[in-house]
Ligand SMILES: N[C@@H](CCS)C(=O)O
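The chain below stands alone and is given in structure tokens; this is the form predicted alone.
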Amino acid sequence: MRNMKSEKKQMLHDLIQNTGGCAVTDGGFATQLETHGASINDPLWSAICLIKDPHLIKKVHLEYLEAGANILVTSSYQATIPGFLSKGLSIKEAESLLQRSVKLAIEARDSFWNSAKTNPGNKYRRALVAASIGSYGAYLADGSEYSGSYAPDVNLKKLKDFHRRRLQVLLEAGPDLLAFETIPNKLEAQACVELLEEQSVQIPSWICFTTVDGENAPSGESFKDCLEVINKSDKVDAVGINCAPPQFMENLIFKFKQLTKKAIIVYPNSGEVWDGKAKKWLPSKCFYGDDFGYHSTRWRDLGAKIVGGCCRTTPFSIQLISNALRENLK
């Protein structure tokens, strides 16, 4: 049993080593679902497709694998038991949908790998599946994952109670990794760490914060304070930033390198800005889609061990990252 546990915990480290020191995670999921015609204007966001369009979820996973992703993040970011219950589903149905998010990613990974390994010119490695666990703010669907301002009654116990059953159900589905995403404050980071300890989780996990100023967590707390509880736990294997503007990444990687010995992961958004009045995305003024290739090597050289994309990035973005990192190894 001990060897099996050790092998599971080693998976992420081995993947990083086997990809030349920097693995590639996938990109924007909801963005790509919309490309295929999915309607996700819903409090469940992309997780609504677990009910309506599971075939599209698998299709998007396959597209990111083809683009060179070494890690698939499941479609469970905004999938929660309370969220599904609000749609009139039963607890059993809600838990089944959570498990479906992992199973769809595993099915996509396995079918892709079975095909790829028969190709003598195969440039791919067997991808890992990371079960996404979005922040409490993501469930609220009120943008609070980007402010860190939860209601006064949201304490450590409430956050642990909110995440506990979802974590258990996702683990039962057999992912390779756990990915806690867009964590906005120290309190929720502590809740995640304590749950990992209490559940005796034996697979690797990462905790990613987001940021709106490029310096601190959305709550205004310093990353030094936020990482304090994470650094004490051997249940967390990587820490970093997701869904923040890409121009923040260099400074944040440098900052995190000074604050932690854990692997650093960054998967920023595209840098585009949502215009609420015009109801459309505006191009970034300082970062362009074609820049992902060049900048991914910069992020790797500064110390990032996992690089990918978040909102508004696409398989093309991931292909640029994958190609750039692989080219640098030749």
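Just so we're clear, the structure is a prediction, and the values are computed from it rather than from any experiment. A residue's number is simply how far along the shown sequence it sits, counting from 1.
Just so you know, the form predicted together with the ligand exists too; it's not on screen, but the next bit is about it.
A.B. asks: Would you classify Asn70 as touching the ligand in the model of the complex, given a 4.5 Å non-hydrogen atom cut-off?
C.D. replies: Contact with the ligand, no.
A.B. asks: Does the 4.5 Å heavy atom contact test between Trp299 and the ligand in the model of the complex come out positive?
C.D. replies: Judged by the heavy-atom cut-off of 4.5 Å, Trp299 is well away from the ligand in the model of the complex.
A.B. asks: I'd like to check something about Tyr77: if you look in the model of the complex, is any of its heavy atoms closer than or equal to 4.5 Å to a heavy atom of the ligand?
C.D. replies: So Tyr77 counts as contacting the ligand.
A.B. asks: Mark Glu181 yes when one of its heavy atoms lies within 4.5 Å of a heavy atom of the ligand in the model of the complex, and no otherwise.
C.D. replies: Judged by the heavy-atom cut-off of 4.5 Å, Glu181 is in contact with the ligand in the model of the complex.
A.B. asks: What is the one choice in Cys243, Ala116, Val193, Leu227 with a heavy atom within 4.5 Å of the ligand in the model of the complex?
C.D. replies: Contact with the ligand in the model of the complex is made by Cys243 alone.
A.B. asks: Among 85-93, 235-243, 101-109, 161-169, which stretch sits within 4.5 Å of the ligand in the model of the complex, heavy atoms only?
C.D. replies: Correct option: 235-243.
A.B. asks: What residues of 306-327, in sequence order, lie within 4.5 Å of the ligand in the model of the complex by heavy atom?
C.D. replies: Going through 306-327 in order - heavy atoms within 4.5 Å of the ligand in the model of the complex - the hits are Cys310, Cys311.
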